[in-house]
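Here you get one chain, nothing else, as structure tokens; it is the form predicted on its own.
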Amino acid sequence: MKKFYITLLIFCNCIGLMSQTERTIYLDKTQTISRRVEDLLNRMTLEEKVGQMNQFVGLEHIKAAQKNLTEEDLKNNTANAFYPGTKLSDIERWTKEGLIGSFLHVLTIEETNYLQSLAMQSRLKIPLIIGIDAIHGNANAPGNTVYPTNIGLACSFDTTMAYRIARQTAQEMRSMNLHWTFNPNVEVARDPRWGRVGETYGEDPYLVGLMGAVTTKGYQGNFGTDNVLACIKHFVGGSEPINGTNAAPADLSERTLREVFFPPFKAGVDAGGGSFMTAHNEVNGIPAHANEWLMEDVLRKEWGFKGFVVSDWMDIEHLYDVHHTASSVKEAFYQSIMAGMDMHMHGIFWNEYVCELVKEGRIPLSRINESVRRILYAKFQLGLFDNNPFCDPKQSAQIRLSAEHRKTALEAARNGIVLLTNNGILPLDETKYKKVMITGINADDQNILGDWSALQKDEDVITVLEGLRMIAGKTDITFVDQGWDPRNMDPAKVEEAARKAEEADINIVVAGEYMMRFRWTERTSGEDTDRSDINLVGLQNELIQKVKASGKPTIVVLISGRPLGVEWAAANADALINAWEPGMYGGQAIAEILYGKENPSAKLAVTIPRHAGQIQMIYNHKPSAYFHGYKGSSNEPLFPFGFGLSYTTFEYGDIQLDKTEIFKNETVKVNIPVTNTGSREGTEIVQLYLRDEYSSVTRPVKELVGFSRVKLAPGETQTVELTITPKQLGFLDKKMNWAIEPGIFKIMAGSSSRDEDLKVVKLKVTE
């Protein structure tokens, strides 16, 4: 380590000396970024340019993967990697030669500093850009603040919180010498079998777009030394695979792409997103990684995107070995680059084959320059050339897991927990229920952190059991451990919980899915963990039923990244809570809500079907979706989009429009009176929907166009003002041109997307 810091000082001095003596434009802070990029680009060899377009996994990651994986395992593994036949010394040498531009899966300050020191030995001393999947905080790296996952954050409908979490995540990342987060995931989740629902902001394009845009702004800011590059992903359609599995084909009309899936990505471009990531899947027969229409025609020419596009994990190679649109890996690289790809994640053959393609005249050097120019521009924006390329571990320790960041994690967890049913038992009275039995796979496990989380120190994570002991300290709490694995539950432990339930005053079952990545092949939810149904796995439903059979009140808490079809629990449990993946303080937040220290306010950002047979089940479906409904079962979801209960009650007054008739280029203000008619303070999420009643092409039965979080004291009334813009009244007509058609629009406002929860008024739009 002493040798490393001596090296660090030498290279810092070299950079200063070089900038003072050579006065090269790319090292001159007073020059524009564009001039600096062009100067540097003109100094680079072909090999150095192609190297900037390539990314490798970190050295420590490679060491760990070599111990645990075979070469055969690598073919289907999208979480861990090594490079057969390549030594670590080779990667170190390539970095020192300036032939690698980026790394990912680097989890410690020591390694980020070391890799950057190697890059500083290269001829041009181009800094590395180091990326990581910081999806909900920099949770993949130990010792960082772990916030709720995106789906829980979306259920808070709190864009201010989303921005704050992104800002704090950026600060923690930069303190570790990490510069680039592969987030926000703005896919519109429309199939709960898909394991990555928890990474998204739900099923509504408007909500997803808003959350993604503010998150992007929070990460990037004005590109100071505590900002990171956002990556808008995955472009596009991966969240509606034909069979529910990750990377399966997306067969979607252009209308559906443009009306449902494109808007959140366009919002990311408008927010200044600096990078995009293409999706694993094929879109209407063309793999996204070789889709010129997506990357060039739509993203760059139509939307004006200026940043760079990065592939997902080895997905360019999959043009050859999965999609079979390329006859070799080299041909796959050619197809992807010529379709608009800028950076390759990740691997050893890129530099060799791409240089060959340029020398053969198949890829013009000008095309390589386009990509390198975009990548270098981002590095200059982030200040990587102008600031110390190394970070200080002591300073980092003061930023990560700071009191302010911990406070945010707790507040976000409280605001994202959805109360789905309550027969009046909640909030719990500690004096009434003196003996509590708690059980379930998620009662006392770090799985509460959610997907994209490393194991953290136990003292930094509060499980549900620990939360109960903290909040209900005078209560006699009995814990029956069911293990962490829902697939291999012990029937004897289920029976033990059933017996203990009879002795308790109240019982809590913490059920759901298992998401922790360090047990990659044993998970039931998360990336590449898709299911053919959405029922509770293993003996969990039996556990709930047997505990309830005790005759004692039973509360069910769900920890999961996907909606679960828990029909029996919804109908029979005394209360049902969906906590999603609430992060490091999830256990405390859940306990606070159970005991009424906090009043639940969250609303569902995604519809919960009763079972897989109802898929697709979304609130903004087309009018004919249930013209002929299901025979022998309900057409209604288990819980609708926008639904969530409180410990108080709210009453909506009549909707008031500032104009009941407008021209199609006008906005209309919508005023919604809301009164807290209960006995305690609460926060209501007021939701505004509209429907074009008659149109030349079919329109959804309702679409979210606005919302507002409003805190009300008992008896207090507030009038919430929201605005409907011409953009929200418009749609793509028969010729796929954006238009606003005159006619009658139904304006709806209320507590959820369910018809009975909405007040209605009509708006006339004229030419």
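Since this is a predicted model, take the numbers as computed values, not measurements. Note that residue numbering follows the sequence shown and begins at 1.
As for the form predicted in complex with a small molecule, it is not shown, yet the points below apply to it.
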| Which among 99 to 107, 603 to 611, 384 to 392, 144 to 152 is in contact with the small molecule in the predicted complex, heavy atoms within 4.5 angstroms? | 99 to 107
| query | Is residue 695 close enough to the small molecule in the predicted complex to count, meaning some heavy atom within 4.5 Å? | reply | no
| message | Considering non-hydrogen atoms and a 4.5 Å limit, does the small molecule approach residue 313 in the predicted complex? | response | yes
| According to a 4.5 angstroms non-hydrogen atom cut-off, is residue 196 in contact with the small molecule in the predicted complex? | yes
| query | At the 4.5 Å heavy atom threshold, is residue 133 in contact with the small molecule in the predicted complex? | reply | yes
| field | One residue of 405, 234, 562, 190 in contact with the small molecule, assessed in the predicted complex (non-hydrogen atom, 4.5 angstroms) | value | 234
| Contact residue in the predicted complex, from 259, 444, 317, 527 (heavy atom within 4.5 Å of the small molecule) | 527
